[in-house]
Every structure is written in structure tokens, then in C-alpha cells.
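Just one chain follows, in the form predicted on its own, and it is written as C-alpha cells.
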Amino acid sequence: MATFPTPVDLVVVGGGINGTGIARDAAGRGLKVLLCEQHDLAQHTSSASSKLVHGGLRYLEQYEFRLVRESLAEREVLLRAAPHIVHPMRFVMPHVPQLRPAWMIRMGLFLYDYLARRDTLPESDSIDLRAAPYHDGLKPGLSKGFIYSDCWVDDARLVIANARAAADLGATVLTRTACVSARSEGALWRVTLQPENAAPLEMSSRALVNVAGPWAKQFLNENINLDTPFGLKLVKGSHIIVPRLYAGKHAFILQNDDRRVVFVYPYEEHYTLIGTTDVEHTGDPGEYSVSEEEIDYLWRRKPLFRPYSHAGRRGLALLRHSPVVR
């Protein structure tokens, strides 16, 4: 068994956005960091997200003001730090009086703008849905709407950018390398890594962070032999992709009668992405697929759009889906 030459300050287990972000931050503070990922960077949840950078407008209804404020502050940080992959996007919300009154939406958007303390994005406003370009694709009868700003991001590239920055700051980034065991010995962790095509590697670390995503509890139980009283709920969010439903670069945010919202926005050049669901996942974290019920749930959002001959129910293309940790 090979041995890593010297103890490191931190071992990060997991190569998604959380793991690479932690590695970058720690390395930037002068710590000696090693990150290991059992597969490839951003191979699972972090490349199968809704690809949006937003503050969580809907959480205002739950009075999560601090959460929204912190999320919006991070949105501004990402806009400044990675303008090549984080792009502003305008979101249009058609007003359906039966779901939420107009005054409530306007007040929520005013608060959203206030909490954002925007430096770069335009403020929210009321719009006429019968005017171009927002009328395209919508069914007749929808006249009032609202528009606000959030962002779109290439999620996988954001992970790679953080990993590259961590490496540039001195961190060691090992992909296709599983952390097969970790045990506490005094003030250090004794960690065993298993590269895909090499001999095991043993090392010492002053601290270890578990950001294995859907595998976090499994890692604690099986690799560290640590029992924890805390549960871990896996939630699957699925998306569907259909041929382009409307012109324009804006997104739609559609209100649902179950109090959730669904995003509809341009994907690549010729498609529209609709998502996301919120379904508990109880099986193997690596075994997941979209269900017919999820497709039906997302497809029911389409009545706001005019019929589109190439976007038939049987013609849906499926984006990858991944459990996320709640």
C-alpha cells in the first residue's frame, strides 16, 4: 500500500459543487487539501440540476428571509466571479388569479429586489403578456404578468472551475478515487483511498469533510463505521426536455395549485427544459430514473402554452435525473 508523503489539513470526500467549493476555499486560506471523488467531477447531482442560480423566491412565503438574502448575495458573488458561465436571465410569471393575488406577487418581488441589494441585475416589474416578446407561446386570455431577474449557470463547468482553482491554490484533486475507509487516531484521521486502476493509498489528515451528496449517510455508516442519529432524506428532482415551445431568451415560472412552481426555459438552441419534481427517493442513490407520474406532473404545466405540433407527449426527451439531499 502506498503512503501519501505528509499529513494534510483537510480531506474532502466528494467532487460535486459542495466538495470543490470547500476545497477551493480551504486551499485559498493556506490549508493543505486533498479532494477525492469516486467517479468523475460533477458526474451526478451537480451536473443534473435545474442549472439556475436563484435566491429562492418561493421561500419568502415560508418566511425564510435570511435564507433568501444569503442566496441572493451568493448569486451576486457568482455573477462577478464567473461571468463566462453565469448569465442573467429574466423570469416571466403569468398571473393566475385563482392561485395567488397580484398584490401578493408584487409585494414578494419587491421584497426579493430589496433583499438582493442588486449590483448587476434589473429590478422586477409588471408586464403585459399580450406584448412581444412575452406573448409568444402563451395561450390567449393571459394578459397580466410579472418579470424579475435571476441567473442560469452551466453547473458542470462551475464544478470544474472550482476544482481547477483549488488545484491552482495547491490542493490535490483525485478523481476516480474512492475513500474506502477513515478512522480517527488521536488528533488525526487515518484515511485509505482506492484509485480505480492503482494500489490503495493511505494518508493522514487533521480533518475530514463528508460531502458525498446522496451517498453521505452510506459513507458514514459503511466507510467510517459511524452511526448517526440524524436521518438523510433523498429527494429526486426530474426534468423533461421538449422541442422549443417559444421564442425569446426569457424563462417562465409557472405557479401550481400545490403551491410549488415549475421553471420553463430555453435549453441549448432548439429545446425547452421543464422542471422540476420533488419526489422522495428510497432506493440506491445511484439507481434512479424519471417516473411516468413525474412526466405527467410536469406536462400538466403545459396548458399555459399553445399547442405545439412537435412537442407531443410521446416525443419527450429526458434529461438526467439525480437525487438531491434535503
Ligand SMILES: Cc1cc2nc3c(=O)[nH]c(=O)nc-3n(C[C@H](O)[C@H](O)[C@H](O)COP(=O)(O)OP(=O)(O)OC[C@H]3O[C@@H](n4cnc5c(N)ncnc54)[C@H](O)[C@@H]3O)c2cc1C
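If you're wondering where the values come from, they're calculated on a predicted model, not measured in any experiment. Start at 1 with the first residue shown and count on from there.
This protein has a second form, the form predicted in complex with the ligand, left out of what is shown; the following refers to that one.
The candidate spot formed by 46, 212 and 239 lies fully in contact with the ligand in the predicted complex, as each residue has a heavy atom within 4.5 Å of it. Only one segment in the set 24-32, 51-59, 64-72, 253-261 has residues whose heavy atoms sit within 4.5 Å of the ligand in the predicted complex; it is 51-59. In the predicted complex, residue 36 approaches the ligand with a heavy atom inside 4.5 Å. For residue 10, no non-hydrogen atom is located within 4.5 Å of the ligand in the predicted complex, even though that partner is not displayed. In the predicted complex, the ligand sits beyond 4.5 Å of every heavy atom of residue 149. Under a 4.5 angstroms non-hydrogen atom cutoff, the ligand in the predicted complex has residue 219 among its neighbouring residues.
Listed residues 178, 171, 92, 86 were compared with the ligand in the predicted complex; 178 is the one with a heavy atom within 4.5 Å. Annotation for 7-26: interface residues with the ligand in the predicted complex are 13, 14, 15, 16, 17, 18, 19 [heavy atom within 4.5 Å].
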